[in-house]
Ligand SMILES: NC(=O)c1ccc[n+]([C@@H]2O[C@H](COP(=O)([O-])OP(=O)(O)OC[C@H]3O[C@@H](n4cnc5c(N)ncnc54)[C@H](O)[C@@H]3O)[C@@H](O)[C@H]2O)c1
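Here you get one chain, nothing else, as structure tokens; it is the form predicted on its own.
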Amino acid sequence: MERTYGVVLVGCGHIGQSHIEEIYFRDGIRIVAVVDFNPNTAQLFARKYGAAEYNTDYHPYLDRNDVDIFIAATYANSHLQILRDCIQAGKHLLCEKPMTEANEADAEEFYRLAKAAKSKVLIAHILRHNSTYQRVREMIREGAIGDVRLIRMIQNHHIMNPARYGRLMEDCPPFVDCGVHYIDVARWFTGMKVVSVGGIGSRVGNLVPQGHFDHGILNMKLENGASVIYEAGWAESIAAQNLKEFIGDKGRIRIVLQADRNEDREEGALIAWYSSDTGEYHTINSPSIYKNMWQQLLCLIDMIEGKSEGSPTLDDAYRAFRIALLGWHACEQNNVLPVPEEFA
């Protein structure tokens, strides 16, 4: 890091707290301000995390010379306007996923503006900065499970905070909001394109109106014919479930998060690897930070300093989002849709 960066956090909710609690004490970072529509929440964040100021409006900081980076930890329908403002002011942006609400036109505009801007923009695909996921990607790329044939991923949430989840689903169904992560994981781990996506959508709870989905299963095909199955649902009666399994013709790998381990949690996350060539089971302990917000911010700083194109690149983040939106339409149609080459 070449200098100290002034940061403004916009959004002091659940994910905003994840961002700031990992970065506020770091060398080279100065929290200039925290912003939230609730002034009491913003004031609490400022006091707790040492922000110089708090506000209910981020616009006064766009012209400040001591501000370099904005973190958009807000609802998805606000991301495009924050991007426009940051680009006009010459500020860099770390933007939470998904890049916009579930709207193709807004997503295209976000991508086009960010791609052409001098400002650096990183979409917060936090799993890219998780060392467990990085290690599993290396194992798969090095042939630990042979040719990838099947990927199974489940991310269901048992809702305990209806207000939060209900608001999130106003912008995107769960398999879009969270799905961008795991569509990106499938492409990132394998290096392959997604050529088609099918979907089945359901309404399980009562937080979304009739005709909308709070649960969905996406079935994607990779260019080698492998299947990627992704399930996501947010409802009061759905059990929380987390499965990440990668299966090839020579074995399989499963990621078990530290919080989901039955024993030895102090060892971190678990990589369970089975080799069908030898019949051996391998247990790999992987101490890691699940949401490594500091490494993610460092990634943006490397982009600013010309050392990196970002992880994911803007192209990869956009493709994952457009595939997720196609999956949403596949759920609406109970159909399988081809993925256009520019999004594959």
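Note that residue numbering follows the sequence shown and begins at 1. Only a predicted model underlies this, so the values are computations on that prediction, with no experimental measurement involved.
Note that the form predicted in complex with the ligand isn't included here; everything after this is about it.
The contact with the ligand in the predicted bound form, taken as any heavy atom within 4.5 Å, belongs to Ser78 out of Ser78, Ser131, Asn156, Ser196. Out of the listed residues Lys291, Lys48, Arg64, Arg30, Lys291 is the one that sits within 4.5 Å of the ligand in the predicted bound form by at least one heavy atom. Remark: Asp177 counts among the residues lining the ligand in the predicted bound form, judged by a heavy atom distance of 4.5 Å or less. Although the partner is absent here, Leu243 sits far enough away that none of its heavy atoms falls within 4.5 Å of the ligand in the predicted bound form.
In the predicted bound form, no heavy atom of Asp184 sits within 4.5 Å of the ligand.
With a 4.5 Å cutoff on heavy atoms, Leu168 counts as touching the ligand in the predicted bound form.
Only one listed stretch (93-101, 218-226, 144-152, 205-213) carries heavy atoms within 4.5 Å of the ligand in the predicted bound form, and that stretch is 93-101. With contact defined as any non-hydrogen atom lying within 4.5 angstroms of the ligand in the predicted bound form, the contacting residues in 7-26 are Val10, Gly11, Cys12, Gly13, His14, Ile15, Gly16, given in sequence order.
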